[in-house]
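Okay, so here's just one chain, in structure tokens, the form predicted on its own.
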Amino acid sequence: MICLRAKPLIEKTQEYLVKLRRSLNQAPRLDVLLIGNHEASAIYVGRKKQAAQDIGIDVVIHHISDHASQDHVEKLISMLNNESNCSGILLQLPLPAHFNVMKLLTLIDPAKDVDGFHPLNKGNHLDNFAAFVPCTALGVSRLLKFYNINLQSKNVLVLGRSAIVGKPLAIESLHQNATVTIAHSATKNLPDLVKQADIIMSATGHFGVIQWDQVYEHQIIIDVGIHRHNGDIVGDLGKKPAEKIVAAYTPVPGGVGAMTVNSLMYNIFKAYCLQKQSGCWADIAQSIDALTL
């Protein structure tokens, strides 16, 4: 049984990116739009800022009142689109209810869309063209490659169909020649689908849709969720029993969440290199992807 810990890959990636940063004339810069006083969002932004600063990325956090207007945020995004020193723009979600989220995401320059949420990047990802892949899906894909887990011809069950996690996970799996099933709230006979899967990727956003006693020894479990339950931080499946045997699994915490943040760093350097044309990003990406245990 393999525990798919993110730490070994993150350490190797950080070491590579620190060397890359030293070779650049200028630091990449991430601009984060943090709207309102959402506690979880502030925590997530703090983690992203620390991870960025650890490898030499400059971070500017734009604290915006939850009473700000749509027009105010649109003008800020337009300004950052035209700011040559800004490499990437991140609109921290969720937003207060009065904002038109899709309009704001669509306004971000696709070349600076390091979250991969712009419709152009989503469409390019779907067609397997060069694109910014949403960070969770990219993180899962990189983690599986790091542990030499091949999705070719595997039956992959994705639990969840969100535009920013579930669907990108399914698309990434399809690009790796998996046979993909997406399950959601209207799915019937979920236990039968679970039984047929080689790999289960749970991204429901809800605790306990399936649990550890419903999965099997031959399966690989990718748990994207994070919840507080009975005083513990757990994934969608809950706390893994020590005696439960599966082929491989991602721990919570220390798995997909950490890879999501690390893959944001990957996307920021990608954005910088493509904008500044400092070196060949394809070669850099190949070097990062070649990191193995």
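These figures come from a predicted structure and were not determined experimentally. In case it trips you up, residue 1 is the first one in the sequence shown, and so on.
If you look for the form predicted together with guanine (GUN), you will not find it shown, but the lines that follow are about it.
- Annotated contacts: 222, 249 and 252 are all free of guanine (GUN) in the predicted complex [non-hydrogen atom within 4.5 angstroms].
- Checked against guanine (GUN) in the predicted complex, the residues 92, 162, 179, 124 give one hit for a heavy atom within 4.5 Å, which is 92.
- The stretch among 151 to 159, 171 to 179, 200 to 208, 114 to 122 whose residues place heavy atoms within 4.5 Å of guanine (GUN) in the predicted complex is 114 to 122.
- In the predicted complex, guanine (GUN) lies within 4.5 angstroms of a heavy atom of only one residue of 22 to 55, namely 48.
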